[in-house]
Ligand SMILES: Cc1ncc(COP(=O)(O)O)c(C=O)c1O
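Coming up is one lone chain in structure tokens, specifically the form predicted on its own.
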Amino acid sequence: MLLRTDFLLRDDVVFLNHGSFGACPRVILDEQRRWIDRLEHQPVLFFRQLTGLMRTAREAMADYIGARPEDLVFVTNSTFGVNVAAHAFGEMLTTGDEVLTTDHEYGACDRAWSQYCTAKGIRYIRAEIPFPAPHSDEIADIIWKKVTPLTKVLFVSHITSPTAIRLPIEELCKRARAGGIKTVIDGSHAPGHIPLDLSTLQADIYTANCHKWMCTPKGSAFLWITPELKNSIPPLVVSWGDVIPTHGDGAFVDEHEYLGTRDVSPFLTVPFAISWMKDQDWPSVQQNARYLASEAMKGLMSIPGIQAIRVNGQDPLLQMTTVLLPERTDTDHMKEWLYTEQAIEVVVHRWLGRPILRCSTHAHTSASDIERLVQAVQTYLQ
């Protein structure tokens, strides 16, 4: 059974913000240290062997998400992966074409799409998801009503970062495939958190972080592109490509994997992390974290003025609870007060003008952490 002491988290802080950057266990950091040491013992030999090492890591990642290793590459984070897609479609689309998204997307990725589209005269359309968010089928319809004959790309999150709403991407990818629309999915919060099988999803591009819910070292993520499209997507950074070929996995991996000298230890740690998750009985870890997220929702909802961000309450699959705070809430002051006065690290911000609190639970979370949060929020709002 995993304990808080298995992580390096400070004892004096109630850490309820795993969703932002994750938290890496000691044993996985030890594994990363072994890779760093191996590199430094003989750097030239290490880089000669790197293509085979990366292939092994990609095989483990591919097996975990239902993909082929030659269809994915490691990237430092999903924002990088989204930029690859936005840059590529910015070049492929023409003036007047449309990219459809929602108004709940992660700010950095939304900004990337907006800049690439603006530069090329492409219309960037945001479907508005109301608060509280309706049922999944209604969300799908809200988004789909924005589709026009000019819609060429649909960009949405699997789980929205600012609001922690699981979007109906299965249905959206199905509709898009039938309508000839390419899909780009930001799955930052999916691996290790909710079921993910790219072999059945019908997405065209999927990028996601491993360093959040899979607990790998910071700077480990992947970019997957469907075989029919991958060779049409140029690299964001041009390096050696097939001049220094990878382990026989084709042009896509050749162009996107090797970016010169960088820290590859987070990627090479992924197989160990996946094995570690199995050893920890990951479904049990998830079940307990989901229970604590549900308890957080119940406790916060008992406070007058707080309401769920979804009409049907806590999503049973998520380890993130998000609530709408009273309109009068000064979110900057509340966040500062919770941290400096109560030693609670949690997301409190405004999104689309609404005050929001987002609480994340994981293996290091305890029932007392949730109690501390509920008591502190109640004290602050009274």
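Note that residue numbering begins at 1 and tracks the sequence as displayed. Quick caveat, the model's predicted, so the values are computed rather than measured.
This next part talks about the form predicted together with the named molecule, which is not shown.
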*Evaluate residue 114 for contact with the named molecule in the model of the complex, applying a 4.5 angstroms cut-off between non-hydrogen atoms, and reply yes or no.*
no
_Residue-level question: is residue 193 within 4.5 Å of the named molecule in the model of the complex, judged on heavy atoms?_
no
*Report whether the minimum heavy atom distance between residue 79 and the named molecule in the model of the complex is within 4.5 Å.*
yes
_If we define contact as a non-hydrogen atom of the residue within 4.5 angstroms of the partner, is residue 161 a contact of the named molecule in the model of the complex?_
yes
*the named molecule isn't shown here, but in the model of the complex which of 166, 211, 256, 310 has a heavy atom within 4.5 Å of it?*
211
_Under a 4.5 angstroms heavy atom criterion, identify the one residue in 106, 124, 131, 282 near the named molecule in the model of the complex._
106
*Which of 265-273, 299-307, 180-188, 248-256 has heavy atoms within 4.5 Å of the named molecule in the model of the complex?*
180-188
*Sequence order please: the residues of 5-19 with a heavy atom within 4.5 Å of the named molecule in the model of the complex.*
19
